[in-house]
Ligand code: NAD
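Okay, so here's just one chain, in structure tokens, the form predicted alone.
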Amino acid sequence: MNIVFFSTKPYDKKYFEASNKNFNNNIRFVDPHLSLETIDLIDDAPAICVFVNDVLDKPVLSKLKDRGVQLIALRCAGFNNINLEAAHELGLKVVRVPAYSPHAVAEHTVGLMLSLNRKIHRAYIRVRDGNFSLNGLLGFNFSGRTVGIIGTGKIGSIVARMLVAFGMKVLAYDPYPNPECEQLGISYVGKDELLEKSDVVTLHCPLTDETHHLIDESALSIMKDNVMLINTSRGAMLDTHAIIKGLKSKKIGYLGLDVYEQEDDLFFEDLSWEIIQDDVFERLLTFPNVLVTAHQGFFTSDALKNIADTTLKSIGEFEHRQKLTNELASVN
């Protein structure tokens, strides 16, 4: 089958080409994001493969339909960048990779927590500069502290297990409690109670209308002073302007981000020789208690292999008119 891959990097090509030896598709990799301006890159391809920052709104989907596209394969778990209702109205099939490696994101989440707390990233730079002073590097024990996990699906539940092992008291908020978490002795509480009682808050839910700007000025107002806030899910769950106010007032004592609300024009690109035009993002980077990574939580060899294998398996199911195991069949 002919497939056009958008937003591709060398590592995408490496893992998909290796996996494709078992499927024999005709894959064409293109660098740009999918948008109205780049749809012309599709040529006689019934399937396309896209990533987190590709645009799949109704105008784009309509053009895809006109170009003969029948299947959209998301090589990620999240699907907030696609208008599912429009896709279904147009008769376009949509598949995703629901669980390529929840351990990868969970481990990165805990890594951000540890580095922020013990200032590991700052200590590394100091020592390389010959500065062996411990001033300013004081941390705290996670053991005995309270962590609030918002969203206890595959990733959130793994984070919960890790933090239970640290000796933390774990609170959780999720409309659908996870029996695995309940067996660990984790307490499910309301969102406000979680925010009020937690020393650390970490987000692991999908981006929906309900979770957009989940952490805003109102949410911050009921959180503990000097709280640690971690987001490895989707950037728009945080109201970034409110977050900056929280950092300035010292309501937020530690901020760890692997995602950013306006990351589309930044992340996955080398802009080291460019003048960054996003003043809000640049303001975030001025705070010494902020640690940002560029959407790398998923980025392990295990995850990339699983993404490639699962995506091409889904495309194979479509080609052979089989049931689509990982189809997004309804608007969630």
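Position 1 is the first residue in the sequence shown; the rest follow in order. Keep in mind that this is a model prediction, so the values were computed, not measured.
Missing here is the form predicted together with the named molecule; even so, the following discussion is about that form.
Residue heavy atoms within 4.5 Å of the named molecule in the model of the complex occur in exactly one stretch of 55-63, 275-283, 24-32, 290-298, and that stretch is 290-298.
The shortest heavy atom separation between Phe132 and the named molecule in the model of the complex exceeds 4.5 Å.
Using a 4.5 Å cutoff between non-hydrogen atoms, Glu210 counts as a contact of the named molecule in the model of the complex. When the named molecule is considered in the model of the complex, Lys169 lies well away from it, no heavy atom lying within 4.5 Å. Of the heavy atoms in Asp174, some are within 4.5 Å of the named molecule in the model of the complex. In terms of contact with the named molecule in the model of the complex, the residue from Leu74, Val147, Leu229, Ile155 that brings a heavy atom within 4.5 Å is Ile155. In the model of the complex, His204, Cys205, Pro206, Glu210, Thr211 are the residues of 191-225 with at least one heavy atom within 4.5 Å of the named molecule, listed from first to last.
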